[in-house]
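Just the one chain here, laid out as structure tokens, in the form predicted alone.
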């Protein structure tokens, strides 16, 4: 078995990562026989991996833990301590089972989520203050925040949405960045957590009675492996881990709009309101769209990947974006081809836009079914329930910015309803 040489004494690739963004790992993996190399990031020894074998390492069993694998600012904005992503073993599997019930196993919950999204989209689109021009990125942030709050069983009136939508959007927008914006996002998140703790106390005391099947009720009633309820602070964290990812789907929706604009045949295909092919379209959007580029972990035991021995305690990163854009696993990866018929339910170690493995037992995101459903519904709304012009604008997608999207946010103009 081979070993990877340690990085040179003064080698550190942090600046290169910040400069290259999504392309940092793909560029280096492209010249290697196997997609694996070792370097330093933030002065820390790291092994960078891509591909199905790397996904199996990350998402099979308990070989990799997420604890200690992310910068503290990213951890606080995206997951936070004591969340399900930071658990391992039986504690992780038990809490993950609750999220699977909420997001995967009961189709009526996803149908309800999509229904709330559709109603919010059409209502906001028709609001007098909306005018005839929309920046889709901002529009989606508002619509998805209202959808998420309402579906979760939390207040979703205009004041609540106006207050919370920018907070949730800022968590996503600043998760891969450092600077004043990140500090502001962290402070606003802390304030939102305090508000959520108040809602949780009201639900537990009976002062608020949200729908029985709402996530806030499930989290308030959840009991851990020791039959203890979660502290209100942890329930607040887990509520944010439902709300924030739903708002983040707006980034995929913007890329879906970009694909419909660049590939008019797909726009025409969905114009009659048919849902045939929507899932395949949404999955290919997830493959091509730059979402979050990689995920980190720490090895809990010695392991092997691509014939190389990796030591216990090694920090490892798996390249999600690079895996989905590598010709070793996808023919003509730069081409947008929904006929690939990809699905989050199969091919779980090759198609990994939001992680790999089995969602029920591994750390794979349990929200992919909801993500695909909402992208698909947004595509249907943009092709069947409305028409619009796409004015001249800057649609460049800078890959040195994480997370990224079209520079203009994708502007729609002269919006008409049938």
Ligand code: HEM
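Just so we're clear, the structure is a prediction, and the values are computed from it rather than from any experiment. Positions refer to the first chain, counted from 1.
Below, we turn to the form predicted together with ligand HEM, even though it does not appear here.
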Inset, instruction - Report yes if any heavy atom of residue 103 sits within 4.5 Å of a heavy atom of ligand HEM in the model of the complex; otherwise report no. - result: yes
Legend entry - Contact label in the model of the complex: residue 130 to ligand HEM, heavy atom within 4.5 Å: no
Inset, instruction - Mark residue 246 yes when one of its heavy atoms lies within 4.5 Å of a heavy atom of ligand HEM in the model of the complex, and no otherwise. - result: yes
Legend entry - ligand HEM contact at residue 252 in the model of the complex, heavy atom, 4.5 Å: yes
Inset, instruction - Consider the chain as shown here, without its partner, and state which of 37, 351, 59, 388 has a heavy atom within 4.5 Å of ligand HEM in the model of the complex. - result: 59
Inset, instruction - Heavy atom within 4.5 Å of ligand HEM in the model of the complex: which of 291, 270, 281, 330 fits that? Just give me the one. - result: 291
Inset, instruction - Choose from 205-213, 336-344, 160-168, 238-246 the stretch whose residues reach within 4.5 Å of ligand HEM in the model of the complex, heavy atoms counted. - result: 238-246
Inset, instruction - Could you run down 91-105 and flag each residue that has a heavy atom within 4.5 Å of ligand HEM in the model of the complex? - result: 92, 96, 99, 103
